[in-house]
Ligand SMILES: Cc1cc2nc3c(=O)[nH]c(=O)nc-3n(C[C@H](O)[C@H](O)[C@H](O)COP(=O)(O)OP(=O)(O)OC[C@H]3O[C@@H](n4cnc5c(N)ncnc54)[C@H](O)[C@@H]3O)c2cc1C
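We begin with a single chain expressed as structure tokens, specifically the form predicted on its own.
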């Protein structure tokens, strides 16, 4: 289920089987002089998985990947194959469907002419980032922030369009993924786990040795994608952009108060609003703040505090990451929640697609 089915260069549309990996989709588009207008950090996901969980990049000028979908073919538990295009009232539900409405078999994606990007990195005090978060997000087309909670400064990454020829660095990318991330980074994470007092020192060493230098021009999809990181756990909150600074400050205060040693960066990204019923960016531009941690004694209390602070600020979860909210809480966060539940009952009346995760999200009586 990973084939390109149709490519209309003039209309800038590509129809693919939904199991295609994002990196495969990008390569196929590149050969035709086209590209995805936005991508997240990892290209290994299937298109169906990426859109169904609201996966996103970082730009207030672009929505998440699901917002690029013009049509979907959905095989339902009732034995039907539904073709949902822009005129169908169910397409906004199916774009971020969480696997609850059926199996996505095909999708048509809007694309753009191929372009190059060049990355720059600046170091900014985290308090300054909080104070200027909205203007920071609006100032560039592609911008994100990484902050190691033991550091006073955050790293602001900007990707800027350029006409300069892309520089291919396959050996450097291989080295980053196979050596730096899988051996070196994973090794220092294990060291921090055994000797927690070294966490701050290790974080500083990683930041100053691995980040800071600008990268050469690259094809857009290569610039968006990062090497696969070492194994770690993630939770992420999507909040209206006007509330993001307060949420971030509350988490920062909790970390400082408890002295937690955090060995992965906090990632701050931005997403334009959309109309998908279960999208974390439904109805308003969002700031999506990811909290990551490799295994450590501080992981459980850190994630518990993030979850509690997220509830105070109306944070919506990233569907592909850890969260503890249930149907009663989620219903208050998504205006079309009950409409989605009703559609799920209609398309899956016998509960064929039920799972413990979906029962927690929608309630065990929502299907079947």
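Quantities reported herein were computed from a predicted structural model and do not represent experimental measurements. Residue numbers count along the first chain shown, from 1.
Note that the form predicted in complex with the ligand isn't included here; everything after this is about it.
*Asks:* Is it the case that 12, 37 and 220 all touch the ligand in the predicted complex, with a non-hydrogen atom of each within 4.5 angstroms?
*Replies:* No, the candidate spot makes no contact with the ligand.
*Asks:* Tell me, which of 104, 276, 154, 137 has a heavy atom within 4.5 angstroms of the ligand in the predicted complex?
*Replies:* It is 104.
*Asks:* Report the residue, out of 28, 308, 42, 329, that has at least one non-hydrogen atom within 4.5 angstroms of the ligand in the predicted complex.
*Replies:* Of the candidates 28, 308, 42, 329, 42 is the one lying within 4.5 Å of the ligand in the predicted complex.
*Asks:* Have a look at 28-36, 300-308, 320-328, 339-347 and name the one stretch with heavy atoms inside 4.5 Å of the ligand in the predicted complex.
*Replies:* Within 4.5 Å of the partner lies stretch 320-328.
*Asks:* Taking any heavy atom pair closer than or equal to 4.5 Å as contact, tell me whether residue 240 reaches the ligand in the predicted complex.
*Replies:* No.
*Asks:* Could you confirm whether residue 99 comes within 4.5 Å of the ligand in the predicted complex, counting heavy atoms only?
*Replies:* Flag for residue 99 set to yes.
*Asks:* Quick one: is residue 48 in contact with the ligand in the predicted complex, heavy atoms, 4.5 Å cut-off?
*Replies:* Judged by the heavy-atom cut-off of 4.5 Å, residue 48 is in contact with the ligand in the predicted complex.
*Asks:* My question is simply whether residue 261 lines the interface with the ligand in the predicted complex - judged by any non-hydrogen atom within 4.5 Å.
*Replies:* Residue 261: no contact with the ligand in the predicted complex.
*Asks:* Does any residue in 52-67 get within 4.5 Å of the ligand in the predicted complex, counting heavy atoms only, and if so which ones?
*Replies:* If the 4.5 Å heavy-atom criterion is applied to the ligand in the predicted complex, 52-67 yields 52, 53, 54, 55, 56.
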